[in-house]
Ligand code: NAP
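Here we start with a single chain on its own, the form predicted alone, put down as C-alpha cells.
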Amino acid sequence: MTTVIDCVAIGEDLMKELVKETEELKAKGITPGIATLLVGDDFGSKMYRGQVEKFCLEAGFNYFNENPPADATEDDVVEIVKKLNANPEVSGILPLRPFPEQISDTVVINSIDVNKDIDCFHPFNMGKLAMNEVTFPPATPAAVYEILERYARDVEKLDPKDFFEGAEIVVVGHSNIVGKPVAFLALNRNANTTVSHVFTSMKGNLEKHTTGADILIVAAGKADLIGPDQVKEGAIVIDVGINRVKVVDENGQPVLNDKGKQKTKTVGDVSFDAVKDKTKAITPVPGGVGSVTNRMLMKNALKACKMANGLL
C-alpha cells in the first residue's frame, strides 16, 4: 500500500523543534534573526518574504526587512549587505531574487558573509557541500532529505544511514538551486546517484534512468513530466516541482471560475494520481516539499546563530 508522506505534519513537527531550540537560546540571552533583501517589488519575492516573516514570528526569531527601491545601484545593495554582515542580531541573510538588471546576482551573493549564507548561495558554501564538509545545505534540497530521513525512521524503521547507502537515487533536474545540491547530498550519503535533465529527455533516455530508481527525486519544473511508465514498481518518489496549470474537464474544455476566467491549479512534476499506486511512498503537490522548505531555512539560521555565539 502506498504511503502518501505527510509533509505538512513534518513541517509542523520541525517548527515545534525550532521553537524549543529558540526558547533555549533566548534563556541564554541569544535570539536568532533572519534578514531578507528584496530590491524592488517583485510579486513572487514579496510573497516569499511574507512567508519568511510569518515563520520568524512563529518561531520567535528576530526579522529584518531590507527593501531598497528597484532603481537602487549595485553599490547601494552591497552596502546594505555589509551592514547586515556586521549586525550581530542578524544570524542569516536571504537575498530574494530576481534582482533588477543593473544588479549582478554574483556580486551581491559574493558579498554575503559565508557564515550568514543560510540558503547556500555563496560558491564557498556550495563548494563545501560538494566536498561533504559542514555547511548550510540549501533549504529545498535539505527539505527533501529531511522528509526522506523521517520516512526512513518512522515508516521503514531504518537508520537513515542504512536507508541511503547503496540506494539507487535518480535526480531529474540539474539546476544550481535544487538539482545539483540534491545530487551532492545523495552522494554525501553514499547513495548511487544519477542526475538526469532536459537533455537526457531530448535524447529519449529519461525513462531508462528513472525506472531504475529506488528513490526518484524530480525537480525539473515541468508539469506531469513523470508518469507511471517512468517509475519503477515500489519506488519512493519525491516531487519538488511546483507548476500552475489550466483546469480542463474530461472533454478537454476549459473550466471557468465565477468571473468567466479559466481556473488554474497547482501540480507537481509527477502525475500524482497516475503514479501513486505504483509507488511505495510519494509526496503530494501542493502540501509536499514546500511545507518543509522554509523550516529548513530557519534550521540553518539557528545553526548560524549557534556558530556565531560559540555554541557549535
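All values reported here derive from a predicted model rather than from experimental measurement. When you see a residue number, it is the position in the sequence shown, counting from 1.
Just so you know, the form predicted together with the named molecule exists too; it's not on screen, but the next bit is about it.
Legend entry - Partner contact for residue 194 in the model of the complex: the named molecule, 4.5 angstroms, heavy atom: No, residue 194 sits far enough from the named molecule in the model of the complex that none of its heavy atoms falls within 4.5 Å.
Legend entry - Contact label in the model of the complex: residue 140 to the named molecule, heavy atom within 4.5 Å: The answer is yes: residue 140 has a heavy atom within 4.5 Å of the named molecule.
Inset, instruction - Check whether residue 78 has any heavy atom within 4.5 Å of a heavy atom of the named molecule in the model of the complex, and answer yes or no. - result: Output for residue 78 is no: heavy atoms all beyond 4.5 Å of the named molecule.
Inset, instruction - Using a 4.5 Å heavy atom cut-off, state whether residue 158 contacts the named molecule in the model of the complex. - result: So residue 158 does not count as contacting the named molecule.
Inset, instruction - Identify which of 94, 220, 84, 185 has a heavy atom within 4.5 Å of the named molecule in the model of the complex; exactly one of them does. - result: None of the other options qualify; the answer is 220.
Inset, instruction - Would you mind picking the one in 178, 103, 235, 148 that has a heavy atom within 4.5 Å of the named molecule in the model of the complex? - result: Partner contact (heavy atom, 4.5 Å) among the options: 178.
Legend entry - Stretch from 186-194, 199-207, 104-112, 122-130 whose residues place a heavy atom within 4.5 Å of the named molecule in the model of the complex: Of the stretches listed, the one contacting the partner is 199-207.
Legend entry - Residues in 220-251 close to the named molecule in the model of the complex, defined by a heavy atom within 4.5 Å, in order: 220, 221, 222, 225, 240, 241, 242, 243 sit within 4.5 Å of the partner.
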